[in-house]
Structure formats: C-alpha cells, structure tokens
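Below you will find one chain, with nothing else, as structure tokens; this is the form predicted on its own, and questions on how it binds or moves follow later.
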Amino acid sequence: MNLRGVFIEDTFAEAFTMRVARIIITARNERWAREAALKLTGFATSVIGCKCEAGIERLLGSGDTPDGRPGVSILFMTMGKDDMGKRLIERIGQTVLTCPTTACYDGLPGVPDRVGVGSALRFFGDGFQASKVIAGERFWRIPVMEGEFLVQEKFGMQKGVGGGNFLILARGADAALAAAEAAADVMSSRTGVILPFPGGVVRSGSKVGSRRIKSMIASTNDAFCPTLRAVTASALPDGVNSVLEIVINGTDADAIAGAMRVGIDAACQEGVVSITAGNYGGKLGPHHFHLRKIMAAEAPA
C-alpha cells in the first residue's frame, strides 16, 4: 500500500490493556486549569519509568464542566487497578490541590469500578474539611489558604489500551520531525486518546529487554537506529536516516484506530519513505492495530 508515495508496511502495532481514569480539572480561567493539567501530566510518559501514563485529552469550555468554569480533560493510565488510587492521590494532591482556583472532578461518572481520591485527600484539611452529597456523589471541601479546594470523593476507572503506535521512517531528521509534528497536531484533542510523550513524539523507541543486561525491561530499539545500521540487524530501508515514533493511549481500541488513521495520513509527507509499527510478534499484548486495515477503512462520519 502506498499513500502519496509513502509505503505503508504490512504490519501491526501491538498494544496492551491498561486501566484508565478521566480527570476533569476546572479553574477560574483556562490559564490555571492548564497549569494544573500540565503539572499533573508531567513526567507521565511511560509506565517503564513513571508508574503511570497521562496526557491532556482536550480543553473544555464552561458549558462542558460540572461547575460551569473552563477546564481540561485528562486521561490517566496505570498498568493495574491497585496502582490507580495511589497515583491519583499523589498527582492530584501535589499538582491540583496546590494550584490556585482549581477543582477536580471524576470524568467517568457512569463507571462502576471506582477508586477513592477525595476520600484520602480530605485529611489535608486536618479536621476542618466538610463534605456534601450531590446527586448521589460525595464531594469534599478542603480548606486552603486561598479558600477551598473541591474534589470528588471517588473517581471511575475502566479498562483502556496503551501502546498503540506507528513509526515514521524518513530520509532525514527535518522530514521526520515535520511529519511527526503534523501527525501529533491532527491526533491531539481527539476524544478518547492521548499522546503521552513530549509533543506527542518519541525519538527513543524501545525494544523489550536488553541484549546485555538481563535486569533491564527495555532498551534502545537498535533495529531502527540509523547509526547502528552497520553493526546490528537493521530494519531500515535504504535511504532512511531518521525515525520518529508516535505512541497513542486510549479509552478503547476504536479511539486509537481512528487517531492512527488521521495521524498516518498527516505523516505521509515529502521526505517520508515508509510508515511501520512496533510489535513483538503478538507476545506483548492482545490489541493489534494493522496499519493497512486501518488506512483502508473509511473514516467515521
């Protein structure tokens, strides 16, 4: 398959099941909602080193939030159910509770699997906290020097998908970066997906394990490193001198497939030789995103 002269490899991206929560942060204005969101999602690129993966899903207008103020929707992901509560309490406690004018709400209200967040953060109030039940949900009012921090007692958690991906193989670094930027731009702000790496782009794609250190769970993907072409089993076609990866997490497989479709289309630019994907022969995870099948499908109306 070719798309505007770019070869689409007959392969698939391999992804795995994660747990996902949706956090809604609101504030007096977009500036402070965004500040809290950027802090909360900072250093949340990969569970390999961060214990969680998170990103801004989209900005919310005042008509889309529980308290009628500007807000930000965040998808927050962990590998297991047991990790979710601890990570949410750490991150919301350190980055949203501390941020002027913010409040924090559950963005998955209909999900039965719920984890306590406000129920733990309330103890910061040192006995001065108070709660109120609205429409069956308890909210905590924690006194702070500025006024009060409002946080929902429990947040919903459901199964999601992490590790959707595609690789952009280009003749040079400028072409690879331009294509990756175009892909990230069109994939950002799509409901149900996040791109957890800086700017949505990864330059240090990894393989499972290490050839030399058994204790390492991931190391550089040498097959796609142009500088190692002469000393390793390279997977790079002739003429490829730079590779960048886009990693996509989402609430479900359909959301990821839709984002990959528009991202790959945007990445097929001048200077790009081919698009491929990272997989481990089907041994890493149950979710397989076949590039040609995705690109052959019609975009939803």
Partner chain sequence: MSDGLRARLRAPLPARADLGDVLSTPWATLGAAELARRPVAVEGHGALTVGDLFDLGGEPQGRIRFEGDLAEADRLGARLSEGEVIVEGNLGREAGLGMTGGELIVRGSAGPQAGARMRRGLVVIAGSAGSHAGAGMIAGTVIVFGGIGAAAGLWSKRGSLVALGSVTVPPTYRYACTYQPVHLRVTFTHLQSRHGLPVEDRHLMGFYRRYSGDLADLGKGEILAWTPE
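The structure presented is a predicted model; accordingly, all values stated were derived computationally and were not measured. Residue numbers count along the first chain shown, from 1.
What comes next is about the form predicted together with the partner chain, which does not appear here.
Problem - Phe224, heavy atom within 4.5 angstroms of the partner chain in the model of the complex - result: No, no contact at 4.5 Å.
Handout entry: in the model of the complex, Leu150 touching the partner chain (heavy atom, 4.5 Å)
Key = Yes - in the model of the complex, heavy atoms of Leu150 and the partner chain come within 4.5 Å of each other.
Practice task
Indicate whether the partner chain has at least one heavy atom within 4.5 Å of a heavy atom of Arg171 in the model of the complex.
Solution key: Outside the cut-off, so no.
Exercise for the section: Give a yes or no for Arg69: in the model of the complex, does one of its heavy atoms lie within 4.5 Å of a heavy atom belonging to the partner chain? Expected result: Yes, Arg69 is a contact residue.
Problem - Non-hydrogen atom within 4.5 Å of the partner chain in the model of the complex for each of Arg31, Arg34 and Lys39 - result: No: none of Arg31, Arg34 and Lys39 comes within 4.5 Å of the partner chain in the model of the complex.
Exercise for the section: Counting only non-hydrogen atoms, choose the one of 161 to 169, 99 to 107, 82 to 90, 185 to 193 that falls within 4.5 Å of the partner chain in the model of the complex. Expected result: Residues of 99 to 107 come within 4.5 Å of the partner.
Handout entry: Heavy atom within 4.5 Å of the partner chain in the model of the complex - residue from Lys207, Arg114, Arg229, Arg141
Key = Spelling it out, the residue with a heavy atom inside the cut-off is Arg141.
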